[in-house]
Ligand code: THU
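In structure tokens, one chain follows: the form predicted on its own.
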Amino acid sequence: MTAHVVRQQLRTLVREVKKRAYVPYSKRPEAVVLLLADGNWIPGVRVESASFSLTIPPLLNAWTTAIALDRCDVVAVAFSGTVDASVRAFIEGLELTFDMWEDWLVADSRMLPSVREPLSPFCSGRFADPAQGVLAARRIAERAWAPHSRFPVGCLLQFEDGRCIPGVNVEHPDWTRTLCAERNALGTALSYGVPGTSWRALFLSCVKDVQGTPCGACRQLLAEHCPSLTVWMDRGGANPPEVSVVESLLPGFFVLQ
């Protein structure tokens, strides 16, 4: 399909995806759509935090979703706004080769697929017990992109209907652009239109640290969206997982009224 047609289709999609952005503070929604080699696509929206520096930009959101879903075959990216200096720095840090235009990136305009359906991020989460959920998170951690820390983390965010969304930590040479597994899953959920009111549990595995718990940044974001969320944490081997609730992990979390 011609680059012009694909670009127009992606522009239409990104306008729709932008409506899912979580921007209660700036009131300025932003979104991206990643086009994959088979024509499926991945949405990403801006997710703001009461702690402003923890805001997740749409490209970081969508890229980490792609990694968690084991899909690195991105051939084009459409933006709801313009490709600015921060986007260029993010792409260059990943050493990806894209032609950069005003509102999209393209790897090779001669080989763009027809735009198909959104890639589903959902997997079954009907576990017989929490230990099975933690074991599944441990397997998901194998997808983590952690070349700098070599500290893989995986999680599954479970919804009321039994479905789950995976998350892994995804590092960047500029560590301010690194995203943890928990915020990866959170950003994916919001990008696909699943609000915190539908979240039931989080299964977490820090493979190399049997005492691992969510970091402060993840606790803050999770608390803003679902303070009552149950968190099951891997304790390694045959040990039973430890359980807590987000609001207990971060008592007195920061909110803006």
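Residue numbers here begin at 1 and follow the sequence given. Everything quoted here is computed from the prediction, not taken from an experiment.
What follows is about the form predicted together with the named molecule, which we do not show.
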(request) Using heavy atoms only and a 4.5 Å cut-off, determine which of Val87, Ala141, Cys180, Ala76 is in contact with the named molecule in the model of the complex. (result) Cys180
(request) Answer with one of Ser149, Ser114, Ser124, Thr82: the residue that has a non-hydrogen atom within 4.5 Å of the named molecule in the model of the complex. (result) Ser149
(request) Consider Thr213 of the chain shown here, and say whether it contacts the named molecule in the model of the complex, taking contact as heavy atoms within 4.5 Å. (result) yes
(message) Quick check on Leu156: any heavy atom within 4.5 Å of the named molecule in the model of the complex?
(response) no
(request) With the named molecule left out here, work out from 170-178, 114-122, 156-164, 68-76 which stretch has heavy atoms within 4.5 Å of it in the model of the complex. (result) 170-178
